[in-house]
Each structure stands twice: as structure tokens, then as C-alpha cells.
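The chain that follows stands alone, in the form predicted on its own, written as C-alpha cells.
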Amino acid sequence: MSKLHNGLAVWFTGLSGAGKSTICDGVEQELRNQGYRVEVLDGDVVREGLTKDLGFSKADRDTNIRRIGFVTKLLTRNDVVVLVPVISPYRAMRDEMRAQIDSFAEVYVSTPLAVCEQRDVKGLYKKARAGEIKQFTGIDDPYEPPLNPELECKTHESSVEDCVHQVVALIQSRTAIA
């Protein structure tokens, strides 16, 4: 049975390998266990469909975020909790999404670049350092950390379980029906 709750966009931002999707997976499972209506718009998965026509230039990255934001807005206004683990490297685009989506919480998955490179399961940082991938966030394209996220998860200092617990608590506080 579905739980009655308000919609919320939970926008996970951070470098590749920071732990956005890992935390998101744990949050999704916990919310489903609690009866929440939840949808995940994972950046890698979205690029397989909705935004497969886009590259990684700044203009394409902005279009990618706008498309994800549009779908997120539709879902949240229908009382779905939408988990959005995407790098979204540019602060201005995240701010634009915050302004367009009525109920929005930014979660900064804050992990040092060196730690992300150590976790590089896809070998992307290695390829970027070798010049095989251009415009890679954190290497030759900037990442602009949030200035005032609702939550910061430092995955190099906290366990995945602790981060999941913090995000779930945030969601519970923001989606409760009075």
C-alpha cells in the first residue's frame, strides 16, 4: 500500500565516483520499504534514452539537466519522491532546477577527487587523464560545489548506511503531510 506523502526532488550532485548512485540505491530501497512512491532518474540511465542524442559540451550538459528537471517536475507535482543522482557540474543549472521544481532538496555527495579516482570502477578518470575522454568533470571540465545544499554526505568520512539514513531523514521531514 502506498504511503500518503508530498512529492520531492532529491538532487544528488558530486563528482563521478563520489557515491551518488550507491547512496541513491539505498535510499530508494528504504523508501520503497516504507511505502513511498519513488522514481530514480539516474544520469547514466537517462543518457541511454532521454538524452542519448547529447554529448558532453556545456550546452549539451545544460540540456541534459533541463530534460531531467522537466521530468522531475512532472513527477514531484504528482507526489512522487524523485531521486536524481547526476553529476550536474554547474551551479547555475542546479539553481535553475531548484527555481523550477517546487519541492527540491540538494544533496552534495562530497568526495575528494583523489578518492573518486581510486574508486574509478569504469576507468573513466584514467581515460580522461590519458586524454582519451575530453571535457571530463573534475579533470578538464569544472565541477562547482553547491554553496548551500540541504545535506552534505562526505562519503570518505561516513558509511553508505549513515549517508542513506541522513537522506531518508531529510526526505521524511520534507514530504510529511500535515
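A residue's number is simply how far along the shown sequence it sits, counting from 1. Because the structure is predicted, anything quoted here is derived from the model rather than measured.
Heads up, the form predicted in complex with adenosine-5'-diphosphate (ADP) isn't pictured, but that's what we're talking about next.
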*Would Q166 count as a contact of adenosine-5'-diphosphate (ADP) in the model of the complex, using a 4.5 angstroms cut-off between non-hydrogen atoms?*
no
*Is there a heavy atom of A9 lying 4.5 Å or less from a heavy atom of adenosine-5'-diphosphate (ADP) in the model of the complex?*
no
*Should K58 be counted as a contact of adenosine-5'-diphosphate (ADP) in the model of the complex, where contact means heavy atoms within 4.5 Å?*
no
*Evaluate R129 for contact with adenosine-5'-diphosphate (ADP) in the model of the complex, applying a 4.5 angstroms cut-off between non-hydrogen atoms, and reply yes or no.*
no
*Contact stretch among 29-37, 46-54, 142-150, 113-121 - heavy atom within 4.5 Å of adenosine-5'-diphosphate (ADP) in the model of the complex*: 113-121
*For the stretch 16-44, which residues lie within 4.5 Å of adenosine-5'-diphosphate (ADP) in the model of the complex by non-hydrogen atom distance?*
S16, G17, A18, G19, K20, S21, T22, I23
